[in-house]
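A single chain comes next, written as structure tokens; it is the form predicted alone.
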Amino acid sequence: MSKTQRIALVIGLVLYAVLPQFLKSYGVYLMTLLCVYLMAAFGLNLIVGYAGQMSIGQAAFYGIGAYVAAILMTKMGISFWFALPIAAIACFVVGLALGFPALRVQHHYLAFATLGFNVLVFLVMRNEEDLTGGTFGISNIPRPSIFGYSLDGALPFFYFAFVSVILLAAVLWWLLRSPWGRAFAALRDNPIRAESTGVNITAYTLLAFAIGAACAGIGGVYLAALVNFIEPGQFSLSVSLLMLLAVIVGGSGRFFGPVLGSIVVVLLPEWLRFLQDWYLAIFGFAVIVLMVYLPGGLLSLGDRFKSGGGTR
């Protein structure tokens, strides 16, 4: 990262931290939701952008994390701080298991496999009423406290989620610049060549799915605490598609791509609501234009100017 990029990053973080002070409660909620959404999007970018595995099932892990935490906190009285690692580990294990199809199928076949997994998890959430509450969901999910200080308020929870997503991003940044990250990139670019250089294809494919799933699970725990209520519709296939859209629109395989993509997916529709019945149509048209003229995502715009109009 260049010095200019580091300065821009610091300015962006400061502005994002200060802006909620001037917003009403719904604006603070949206900015908190963006932080939560980013946790899952960062994990999906690891799977799709860095490891080169197509997944349309990230919302399933998002939901598993949310439901595990909600059940533990509301039905068993377990603290948020214990429910969080339990949910992350549960998603890690399930992601590890889902990674096995990626060892046998690739590209659109793998996409359909993960799509089927998302549908399966959604049906379990909707139909297992004794465990998940079915369509009635789970309510009264508590927010955590830190050293006796409650995070029930909109602003305290925003700053909690904001710091959390920065810490998660820092861990992933370190991971992707470690030998593991280079192995993921080699796996994405050319699996056969990567294997010939000593990269364990099986281990790194499974690891990519597991870590990406754990990130989504963590995001799900924060979502449950944010909205205090969860139900199956929050984790449907459409949510997985929106997460994938966020990664691709921002720039798949670029670390900060999910940030810009999530802003487009989460905030842009809200900014367009003044258009009433037309806002979804204009949102869809804007996404199509972005994909046609910037197939490498928003972060490829700099490369386009450098190359005199070419795309990455």
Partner chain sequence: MVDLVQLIISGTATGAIYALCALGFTLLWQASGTINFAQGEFVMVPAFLMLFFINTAGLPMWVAFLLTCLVAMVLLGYTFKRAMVDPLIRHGVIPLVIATLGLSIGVKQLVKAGVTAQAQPFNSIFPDGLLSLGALKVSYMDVGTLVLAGLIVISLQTFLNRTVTGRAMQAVAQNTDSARVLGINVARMVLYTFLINAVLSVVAALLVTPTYLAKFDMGESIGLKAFYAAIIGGFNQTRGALLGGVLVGVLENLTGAYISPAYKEGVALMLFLVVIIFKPEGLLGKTEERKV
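Since we're looking at a predicted model, the values are computed, not measured. Residue numbers count along the first chain shown, from 1.
Quick note: we don't show the form predicted together with its partner chain, though the next part is all about it.
Checked against its partner chain in the model of the complex, the residues F160, F117, Y204, F92 give one hit for a heavy atom within 4.5 Å, which is F117. This chain is displayed without its partner chain, yet in the model of the complex the stretch 239-247 from 57-65, 239-247, 38-46, 254-262 comes within 4.5 Å of it by heavy atoms. Although the partner is absent from this view, P101 contacts its partner chain in the model of the complex, with a non-hydrogen atom inside 4.5 angstroms.
Shown alone here, S150 lies farther than 4.5 Å from its partner chain in the model of the complex, counting heavy atoms only. Under a 4.5 angstroms non-hydrogen atom cutoff, its partner chain in the model of the complex has Y109 among its neighbouring residues.
Contact check for V124: a non-hydrogen atom falls within 4.5 Å of its partner chain in the model of the complex.
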